[in-house]
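Encoded as structure tokens, the following chain is the form predicted on its own, with no partner shown.
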Amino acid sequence: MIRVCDDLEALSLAAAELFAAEARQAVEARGSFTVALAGGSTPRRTYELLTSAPFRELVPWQNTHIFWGDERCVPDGDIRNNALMARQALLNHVPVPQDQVHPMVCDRSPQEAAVEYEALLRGFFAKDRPQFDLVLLGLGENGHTASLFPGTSVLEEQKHWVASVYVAEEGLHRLTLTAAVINQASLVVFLVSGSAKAPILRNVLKEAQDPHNIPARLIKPIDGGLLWLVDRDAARLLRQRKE
């Protein structure tokens, strides 16, 4: 499903409303809410909205567990760190228990860090199927999502839940949930904003595209839902195609 919002503010409001609704529903049904956050600039405004009324009161923070979809292997205080952004925009301002915040920590080799985060997930879910209630994702101009980059070996991973990947154009390693894990989620939501994303959004939604070239095409939840929250700038070529 694709939902087109007027602008980034409207998109962020829709995402915050969805976050709160999914959280309340999950807690009512199962006693807890598990979410994997996205990094990048687009989700920041959503996170900021969640810290203020009415969302701060609507989300059952005491029953919420926070995870991440991916992380750059940089120091905790580096501005490129996804967990740092989420803490500054959201987590430092809401009453989620700190022991329920589970960042990806890359303070050793990337491979060891990936093994450690996978062990954390396997211990948390205590079953063979990791099922997040909500996974938030962004979309890169090259078609990557989380840290699933075009042409990387991680795209083929079916066994592991978490993998490390070296991104040559950035000159650094990243950790990422694998597509196999993301596709177990109850709901996956892409947040896409800006005119620069219009060409890749159009290409992602083309059925014939090779997911090895456009990894976002790998995201097809098995039993869950998939929602694209996009603003009008990002959707401009979709409207043009329909016309």
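Don't overthink the numbering: it's just position in the shown sequence, from 1. All figures in this text were calculated on a predicted structure; none of them were measured in a lab.
There is also a form predicted together with a small molecule; it is not shown, and the following applies to it.
Contact annotation: the small molecule lies within 4.5 Å of heavy atoms from the stretch 39-47 in the predicted bound form, the single such stretch among 56-64, 25-33, 39-47, 213-221.
Pro150 falls outside the set of residues with a heavy atom inside 4.5 Å of the small molecule in the predicted bound form. The closest non-hydrogen atom of His173 lies beyond 4.5 Å of the small molecule in the predicted bound form.
Taking non-hydrogen atoms only, Val162 never approaches the small molecule to within 4.5 angstroms in the predicted bound form. The small molecule in the predicted bound form is not approached by Pro103, whose heavy atoms all lie more than 4.5 angstroms from it. Of the residues Cys73, Leu139, Val135, Ala114, just one reaches the small molecule in the predicted bound form with a heavy atom at 4.5 Å or closer; this is Leu139.
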